[in-house]
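To begin, one chain is listed below as structure tokens, in the form predicted alone.
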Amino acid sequence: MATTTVLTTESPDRWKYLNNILTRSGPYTDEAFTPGDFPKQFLADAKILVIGAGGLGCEILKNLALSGFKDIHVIDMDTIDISNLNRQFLFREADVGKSKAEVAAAFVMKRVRGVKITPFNCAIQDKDDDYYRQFKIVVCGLDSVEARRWINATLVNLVDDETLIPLIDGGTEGFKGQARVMIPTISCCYECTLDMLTPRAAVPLCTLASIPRQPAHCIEWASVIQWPKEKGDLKLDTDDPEHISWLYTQALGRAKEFNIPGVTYAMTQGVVKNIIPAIASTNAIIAASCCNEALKLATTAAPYLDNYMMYTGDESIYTYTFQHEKKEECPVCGNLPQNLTVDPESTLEQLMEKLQERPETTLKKPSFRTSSKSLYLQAPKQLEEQTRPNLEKKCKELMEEGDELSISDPGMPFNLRFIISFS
């Protein structure tokens, strides 16, 4: 009669591959590394936070649990949609509508014995500093620049004599991806690298209005031209199914008029939300890289990434690693304000619009102050009404050359600082 071997969390075979790394020194191990059970125990005791439980987050959670991390928290504010099932492998059709974090945590704990995963269905901004202070490492599998900027600034602000929490960030875009390791105040932070973001390609308005050639042109026409024309001041909500359905209907009619095939509801949603199709294999590669860095940071078994790895898989498998340098004028980890050239004849509202278009600022509802006065405040309502007339005033009336302009925004736990010079 055949016998079945049950592997418990303490079985030698359960961790044999991990033991190959942790029970002996290698050519690149840190001087502080001590082979034996200590690194594995430190790995088990290292509380780690995963932000995001989508395509990348599911892979990260699974990898961390299989790597020996036993105390994991995961935060994700989204619920499972049927479109997630083709790449977010921890979810099933019966899970549609449920919390991503809760379902992912339950699935991994069921399959990997001995791991404890604590899920939270909320925004990362809902947690306070004391919550984040408890973690040894934070791993991000996000698709939001705003959320990345927030957690990056939060971890930098937490640095003191007892707290230094490394941030590992992963991201994918089709067949391309990146993984990076950021040590707050020591290496470059996420804010230092914002100028690497690729701005969304703009389509000339004349193409949208008169000679569309692609399905995306018809969708852009519906959102950029038809929506304000027919809906007036009603703000387009790209998360509202009724708004997306209206755009889809308009774009489909436009496409038929010009004999352009290919307009679908999914494409409409993708164009207006700037969604790039996710590739499961890319998620797996980038998640593996992120978890490899978490293992190295937790055990010192090997040097961690310094500090940016790019992956390209659309034509071949290619990776390139380089050190992105820290910026002295970074508003988060630096100590110098940036220079900002301003047209003195432009209005404060025009300056606001210009800054909102810049990928390195990505402002949504900014408030403006100089060292001597408030120029425009978004809240509270009474102060917004009092400072609103300044939006129509010229910059030369409100500030002087050499003034330091401070900009705050609800999406950022820090202020942008600029030294003004007039063009």
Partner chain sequence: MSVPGAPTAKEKKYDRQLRLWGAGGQEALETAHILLVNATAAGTETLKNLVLPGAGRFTIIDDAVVTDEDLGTNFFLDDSSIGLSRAQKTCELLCELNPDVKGDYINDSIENVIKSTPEKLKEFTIVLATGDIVTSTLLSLDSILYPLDTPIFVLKCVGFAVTCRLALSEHTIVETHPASTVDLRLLNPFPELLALAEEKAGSMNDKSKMNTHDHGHIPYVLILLRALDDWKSTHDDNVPSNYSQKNQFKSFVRSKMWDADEENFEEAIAAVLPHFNSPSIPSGTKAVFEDEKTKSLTSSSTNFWIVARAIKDFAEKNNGLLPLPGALPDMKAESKDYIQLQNVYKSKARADLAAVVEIAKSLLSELGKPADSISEPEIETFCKHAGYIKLIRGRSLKQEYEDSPNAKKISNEISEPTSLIHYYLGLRAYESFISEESNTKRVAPGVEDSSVESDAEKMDKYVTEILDKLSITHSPELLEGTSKAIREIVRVGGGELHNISSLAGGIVSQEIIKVITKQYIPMSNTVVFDGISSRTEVYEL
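Positions refer to the first chain, counted from 1. Note that the structure is a prediction, hence the values are computed from the model and not measured. Just so we're on the same page, rigid core means the largest C-alpha set that superposes within 1.5 Å between forms.
Separately, the form predicted in complex with the partner chain exists; it is not shown, and the next lines address it.
Although the partner is absent here, E293 lies within 4.5 Å of the partner chain in the predicted bound form, judged by heavy atoms. In the predicted bound form, the partner chain stays beyond 4.5 Å of every heavy atom belonging to E401. Taking the partner from the other structure, the partner chain in the predicted bound form has a heavy atom within 4.5 Å of a heavy atom of A266. With a 4.5 Å cutoff on heavy atoms, R111 counts as touching the partner chain in the predicted bound form.
Comment: 85-93 is the region of 124-132, 161-169, 85-93, 341-349 lying near the partner chain in the predicted bound form, near meaning a non-hydrogen atom within 4.5 Å. The single contact residue among F120, W150, W221, Y248, judged by any heavy atom lying within 4.5 Å of the partner chain in the predicted bound form, is Y248. A single residue from the set T79, S144, Q214, N157 has any heavy atom within 4.5 angstroms of the partner chain in the predicted bound form; that residue is Q214.
Heavy atoms closer than or equal to 4.5 Å to the partner chain in the predicted bound form belong, across 282-301, to the residues T282, A284, I285, A288, S289, C291, N292, E293, L295, K296, A301, ordered by sequence position. Relative to the superposed core, P119 undergoes a C-alpha shift smaller than 2 Å between this form and the one not shown. Core-superposed comparison between this form and the one not shown: the C-alpha position of R213 differs by no less than 2 Å. Superposition on the rigid core between this form and the one not shown places the CA atom of D239 2 Å or more away from its counterpart.
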